[in-house]
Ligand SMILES: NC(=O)c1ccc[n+]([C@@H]2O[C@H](COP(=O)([O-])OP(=O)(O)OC[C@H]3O[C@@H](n4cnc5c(N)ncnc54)[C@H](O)[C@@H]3O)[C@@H](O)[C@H]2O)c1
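Below sits a lone chain in structure tokens, taken as the form predicted on its own.
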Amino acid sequence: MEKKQWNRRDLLKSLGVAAAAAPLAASSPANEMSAGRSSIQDLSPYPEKRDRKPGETIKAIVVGAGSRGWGAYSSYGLKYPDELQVVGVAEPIPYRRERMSKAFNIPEKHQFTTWEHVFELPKFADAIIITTPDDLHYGPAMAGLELGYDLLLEKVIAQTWEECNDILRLTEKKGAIVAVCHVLRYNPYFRKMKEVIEAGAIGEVVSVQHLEPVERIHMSHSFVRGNWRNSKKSNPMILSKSCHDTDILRWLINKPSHKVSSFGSLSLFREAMAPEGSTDRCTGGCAVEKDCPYSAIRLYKEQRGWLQHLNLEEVNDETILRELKDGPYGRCVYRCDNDVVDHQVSNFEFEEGITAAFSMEALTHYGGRRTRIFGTEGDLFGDEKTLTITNAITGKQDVWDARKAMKGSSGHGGGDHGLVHDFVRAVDKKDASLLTSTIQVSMESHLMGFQAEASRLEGGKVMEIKLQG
């Protein structure tokens, strides 16, 4: 993209950032955060700032009516029923299937127990929203494409690089639109970061430091006890959690990545670290349960946290305790079948010698990605709350506050509904260019993840990242 030849003041004004009154002496995050305040919010959360509606209401079938299928994506249709209508659902858990069916008045003939049943009927919608567990992406994606459906496909695309390529080839053979749910591309914070870079506010990008602090309770819930705990049943951590991050790096840098080396391991959540007196379950008479920071009884029953993944039609002490006694979320965090890493560092080399260092850290007390981007004329720091742009020559700083732009929006800072907003328009117009996260552009960031994991398993060996064709 050609850089606009503006002076610095006009550039920052167009970006909606506020200049600090004077240069700051230090460059720590704390000082960057205090540099100034932005009163201009020219990037609103989707869909509050919306283009015109699609010509016709898009009809979709939701395959997997859990927290993503129900709360993240189909909820867009409840808010904007003239744009998206769910006309079918496949879900093995009865109350989830019934909840979706009741909300959208889905006829009984289009209520299915498993995804295979959807494709026993002739095509009766425009698109399939695939929000099944990771190991159940490939089957419905291939079946849906064969019948001529467009797809909204939750990341990760599939469990292997070969399966990802199968889906890509069939997408192109059928001329289908497949949007991969890289929802961070659609929230105001990362869109502003992209805009700042492309406008040339820090010159040409030279290197990036990117941190994803997962937060330890999130780790224990999703990646130790939960659906994404085991790389064979789901995917390695670099893909199941951090393909958002490889995607963002590729999108921001906007050049191909050629090489990667990676290191990481599982340090805390393993049996060797289990305290004396602990049991297989928190409800099994564990002697240290009351003092354990990962007590399932405290987290789920007392604090009522993270209940969206528990199979609870009704939420009360009795139903929660029953689930903890029998289900996966009541297990001791040190005695699960988890194998995904709780820390990993990956170094990527991009075209023109641009480098990116990415760190996934699960054992943090905080969340919210931190990103530093260094350019030939300045640098940028962001923590998903504000962006601070620093001129390397003068030291002057400018701050954009993302919190107002993301206030009251959908999940992922507005990214969940932002993705659906663009997807329904792309399907309506049969124009994949209306999306930024098609399967075609998502393949490279997936390969970055697959190769990073291959490097980790081989002791940090440098791996090439090379797309075919």
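Keep in mind it's a predicted model, so treat the numbers as computed, not measured. Sequential numbering from 1, following the sequence displayed.
If you look for the form predicted together with this ligand, you will not find it shown, but the lines that follow are about it.
Novice: Could you spot which one of I128, L84, V178, V183 gets a heavy atom to within 4.5 Å of this ligand in the predicted bound form?
Specialist: It is V183 that has a heavy atom within 4.5 Å of the partner.
Novice: Ok, H244, R331, K301, K192: which has a heavy atom sitting within 4.5 Å of this ligand in the predicted bound form?
Specialist: Answer to the contact question: H244.
Novice: Would you confirm whether the three residues H343, A362 and H446 all fall within 4.5 Å of this ligand in the predicted bound form, going by non-hydrogen atoms?
Specialist: No: none of H343, A362 and H446 comes within 4.5 Å of this ligand in the predicted bound form.
Novice: Spell out, yes or no, whether the shortest heavy atom distance between Y73 and this ligand in the predicted bound form is within 4.5 Å.
Specialist: The answer is yes: Y73 has a heavy atom within 4.5 Å of this ligand.
Novice: Q440 near this ligand in the predicted bound form, any heavy atom under 4.5 Å?
Specialist: Q440 lies outside the contact set for this ligand.
Novice: Although this ligand is absent from this view, report whether D134 comes within 4.5 Å of it in the predicted bound form, heavy atoms only.
Specialist: Within the cut-off, so yes.
Novice: Within 4.5 Å, heavy atoms only: does P92 come near this ligand in the predicted bound form?
Specialist: Taking the distances in the predicted bound form, the answer for P92 is yes, it comes within 4.5 Å of this ligand.
Novice: Look at the stretches 196-204, 380-388, 272-280, 149-157 and give the one with heavy atoms within 4.5 Å of this ligand in the predicted bound form.
Specialist: Contact-bearing stretch, as computed: 149-157.
Novice: Can you list, in sequence order, the residues from 299-320 that come within 4.5 Å of this ligand in the predicted bound form, counting heavy atoms only?
Specialist: Stretch hits: a single one, H309.
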